[in-house]
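In the form predicted on its own, a lone chain appears below as structure tokens.
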Amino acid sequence: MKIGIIGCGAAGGTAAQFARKTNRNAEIVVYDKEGYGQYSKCALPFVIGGMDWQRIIEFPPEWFRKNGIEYRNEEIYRVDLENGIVEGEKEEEFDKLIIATGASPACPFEANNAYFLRTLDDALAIRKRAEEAKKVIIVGAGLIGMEVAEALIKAGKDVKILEYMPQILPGMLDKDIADYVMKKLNIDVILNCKVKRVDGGTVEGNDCYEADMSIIATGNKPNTFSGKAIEVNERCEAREGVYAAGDCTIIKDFFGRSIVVGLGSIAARQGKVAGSNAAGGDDAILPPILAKTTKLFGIEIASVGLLSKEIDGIAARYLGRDLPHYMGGEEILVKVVADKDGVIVGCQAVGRGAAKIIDRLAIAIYNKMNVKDMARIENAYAPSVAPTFDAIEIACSMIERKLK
């Protein structure tokens, strides 16, 4: 069996590893036009902030070769899915193909002499230019824009963020939670700002803004040979003998929506499934519930499932502390979202341990738990560790009372 894998990101690199674990005899070829091997794209803001770029390389080219995987620093220009043929420096035929070509930055306006962040080379170029810059404009206040802003502010740069939406992190938080986060962040953000044109450090929007450089973080578009995202099932199959994984794919989520994959956590899990199945295994990915987390200026932020604006349901938010009052502790904000029957469909959390709160709610969502049950589940308690009734239980109790 001969397996060809196009791309070596979280999806492609993971696919190669699990194809090898599943089939020790298969011939596996990985095409990677970047040449670094598998690295963490989520860590690119840290590289911009000064981290040694070699630290984020998780599996260098040598690792693949040592494990019997042929690694080629080569770009593929054409794919014949029906016949399993790929064309790079030469044409080659495979029994199974895995498309893991990722995504490219998307920009809804004219942008010249601006920087985008998608690859390690992008991060290194931004870092080099930022060494000479004092003022930086970032267009987009999503996860990437906010994380890059933090890296540059910590490096001593004067950063201004321009965001089209009326809030930061619009794909992750409801506006009330985003507003709470904004009050805690000492950053210069202009909301409701429609950018029309960028040229170097000059940005035309609601006003004309000037800086030494600009960075565009307005989302991504799938990289595919057809120009359209590849629809796959839970086995990551696009068609017989052809699998796809990562940001180039469309998949059904837990709520029945067709979504374009944009999270490294999902891409890696798709890669595991695609690699295993292409090599003869039988695996499937759970439908995604879009668990996300970040930490901005020491503040942990996380979310999972639906936002309240995405469902005609009921929500409750609780602002308290993560320890009993006599222990001090830190402020914690939790918002639970449920449908009209009280079934939990989403959660947002801000504060210490937010990601672990979201992990707990992810299990509740997968099991279609009701707020009534969640409000009664026993949790570990000790004054120095956690309160008797934690923020999740209290928020769920608030929804239960509203339902009554």
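Residue positions are given as counts along the sequence shown, with the first one as 1. Keep in mind that this is a model prediction, so the values were computed, not measured.
One more form of this protein exists, namely the form predicted in complex with a further copy of the same chain; it is left out here, but the text below deals with it.
Asker: Mind telling me which stretch in 29 to 37, 335 to 343, 66 to 74, 53 to 61 gets its heavy atoms within 4.5 Å of a further copy of the same chain in the predicted bound form?
Answerer: Heavy atoms within 4.5 Å of a further copy of the same chain in the predicted bound form occur in 53 to 61.
Asker: Going by heavy atom distances of 4.5 angstroms or less, which of Ser104, Thr202, Thr224, Ser265 would be at the interface with a further copy of the same chain in the predicted bound form?
Answerer: Of the listed residues, the single hit is Ser265.
Asker: Would Pro170 count as a contact of a further copy of the same chain in the predicted bound form, using a 4.5 angstroms cut-off between non-hydrogen atoms?
Answerer: Contact check for Pro170: no, nothing within 4.5 Å of a further copy of the same chain in the predicted bound form.
Asker: Could you confirm whether Pro287 comes within 4.5 Å of a further copy of the same chain in the predicted bound form, counting heavy atoms only?
Answerer: The answer is yes: Pro287 has a heavy atom within 4.5 Å of a further copy of the same chain.
Asker: Taking the shortest heavy atom distance, is Glu300 within 4.5 Å of a further copy of the same chain in the predicted bound form?
Answerer: So Glu300 counts as contacting a further copy of the same chain.
Asker: Heavy atoms within 4.5 Å of a further copy of the same chain in the predicted bound form: does Gly353 have any?
Answerer: So Gly353 counts as contacting a further copy of the same chain.
Asker: Judged by heavy atoms and a 4.5 Å cut-off, are Asp283, Thr294 and Arg376 together in contact with a further copy of the same chain in the predicted bound form?
Answerer: Every residue of the spot touches a further copy of the same chain in the predicted bound form.
Asker: Pull the contact list for 351 to 382: residues with a heavy atom within 4.5 Å of a further copy of the same chain in the predicted bound form, in sequence order.
Answerer: Read in sequence order, the residues that approach a further copy of the same chain (within 4.5 Å, in the predicted bound form) are Gly353, Ala355, Lys356, Ile357, Ile358, Asp359, Arg360, Ala362, Ile363, Ala364, Tyr366, Asn367, Met369, Asp373, Met374, Ala375, Arg376, Ile377, Glu378, Asn379, Ala380, Tyr381, Ala382.
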